[in-house]
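Shown here is one chain on its own, the form predicted on its own, set out as C-alpha cells.
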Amino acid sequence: MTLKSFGSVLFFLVVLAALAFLPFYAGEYVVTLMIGMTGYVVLATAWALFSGPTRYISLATVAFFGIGAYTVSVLSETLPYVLVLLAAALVGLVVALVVGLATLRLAGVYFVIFSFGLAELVRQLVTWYEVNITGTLGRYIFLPVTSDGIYWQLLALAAATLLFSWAIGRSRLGLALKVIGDDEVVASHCGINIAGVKLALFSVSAVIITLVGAIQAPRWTYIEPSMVFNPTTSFLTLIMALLGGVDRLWGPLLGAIPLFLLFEWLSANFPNHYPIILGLIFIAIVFVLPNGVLAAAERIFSKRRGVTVPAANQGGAL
C-alpha cells in the first residue's frame, strides 16, 4: 500500500468514526436529517454501481426500496429483527434475479420505460393485495429500533457499499462492466458473459437498495404503498448520482449530500412548487453538468495546467 492510499484509508476511517459518534453529541433533529441523507447516499451509490458502468438508466429504485419496507412490515411481528433484514434482502434478490433475467437484454429507452413500469406495477400489486386480501391499505411497524440504531445501520451499509464499489472498480468484473457499457458487441467478442455480469451487478445493487428500505421502515411506524413506492425516490436518486458523476467512486456521495439538503429546504419552504423546482434542477444538471461535478472539476483543473483530458476520462457514463 502506497503512502497516498494509506492516507486515504486513514481519512475514510476517521470520518466514519466521527460520523458514528454523531448521535452522542447531536440532537434528534440532526440524527433524523442524517438518516435521510445517509439513506440517499447509499441509494445513489448502489444505483451507480450498476447503472454507471453499464449506462443502463434504471427508475426501479423505489420498487426495491418499497419491497424492503413492506417485507419488514409483514415479518416484523413474527421474526427477530436480524432475520427480518435477511428476509428482505432475500426477497429483493429473488425479484432482482427474475426481473434481470427477463429484461436485461433490453437497452436504451426500452429499459428506462420498463424500469419505471416495474415500480408502478409493484405498487399496484401491493395495493391490490392489501385492499382485497388483508382488507387494509397500510401496516403498522412496532420494532424496538431507535433513530440512533437506524442511523448506525445505514452508516454501516454506506461504508460497505462504498468499499464494495471501490473493489468492483478495480476488479475484472468492473473492467468487464466498462467494456459492456462502451460496446456490447466488442464485449461479446472478448468472451465476456454479458448477461451474467449485468445480472450479478443488478442483483447486488437491488439488494443494497432493498436493505435501505428495510432499515428505514421502523422509523415511520406506519407505511402504505403510496408512501414507500413514491416515484420521487427514484428520480431523486438518479439526479443525485448524475450530479456527482456516476463513473466516480465518490460522485454519488458528493451529489447526494448537497442535493438532499437542498431538497429538504425546498420542501419545507416551497411545498407547493417543490415538484416544479425539482424538474428544473434535473434539466439544469443534464444540460450544465452531464458528466457530473467531479468530471467538470477535472476538466477545469486540467485546462489550468494546460493538459488535455481525453474524452474517455471525462465521464460520459450516461
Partner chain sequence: MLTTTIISGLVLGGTYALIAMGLTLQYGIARIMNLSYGEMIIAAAFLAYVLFGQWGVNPVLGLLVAVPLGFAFGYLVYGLMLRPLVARAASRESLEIDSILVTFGLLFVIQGAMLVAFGSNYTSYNYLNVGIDVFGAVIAANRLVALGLAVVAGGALYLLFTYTLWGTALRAVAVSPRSAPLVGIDVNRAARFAFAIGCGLAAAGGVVISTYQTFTATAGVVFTMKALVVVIMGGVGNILGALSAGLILGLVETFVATYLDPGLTLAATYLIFLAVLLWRPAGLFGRSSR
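Residue numbers count along the first chain shown, from 1. Keep in mind the model is a prediction, meaning the values are calculated, not measured.
As for the form predicted in complex with the partner chain, it is not shown, yet the points below apply to it.
Enquirer: For the partner chain, considered in the predicted complex: do all three of V42, T221 and P258 come within 4.5 Å of it, counting heavy atoms only?
Expert: Looking in the predicted complex, the three residues V42, T221 and P258 all stay beyond 4.5 Å of the partner chain (heavy atoms).
Enquirer: Just to confirm, with a 4.5 Å cut-off on non-hydrogen atoms, which of F164, Y81, W152, F116 contacts the partner chain in the predicted complex?
Expert: That would be F116.
Enquirer: Does at least one non-hydrogen atom of T103 fall within 4.5 angstroms of the partner chain in the predicted complex?
Expert: Yes, T103 sits close enough to the partner chain in the predicted complex that at least one of its heavy atoms falls within 4.5 Å.
Enquirer: Taking 4.5 angstroms as the cut-off for heavy atoms, does L86 touch the partner chain in the predicted complex?
Expert: No - in the predicted complex, heavy atoms of L86 and the partner chain never come within 4.5 Å of each other.
Enquirer: Consider Y140 of the chain shown here, and say whether it contacts the partner chain in the predicted complex, taking contact as heavy atoms within 4.5 Å.
Expert: Taking the distances in the predicted complex, the answer for Y140 is no, it never comes within 4.5 Å of the partner chain.
Enquirer: In the predicted complex, is there a heavy atom of the partner chain that lies within 4.5 Å of any heavy atom of N269, even though the partner is absent here?
Expert: N269: no, not in contact with the partner chain in the predicted complex.
Enquirer: Within 4.5 Å of the partner chain in the predicted complex, counting heavy atoms only, one of 279-287, 30-38, 247-255, 260-268 shows up; tell me which.
Expert: One stretch meets the cut-off, namely 279-287.
Enquirer: Does anything in 234-263 come within 4.5 Å of the partner chain in the predicted complex by heavy atoms, and if so which residues, in order?
Expert: The stretch 234-263, when checked against the partner chain in the predicted complex, contributes F235, L238, L242 at the 4.5 Å heavy-atom cut-off.
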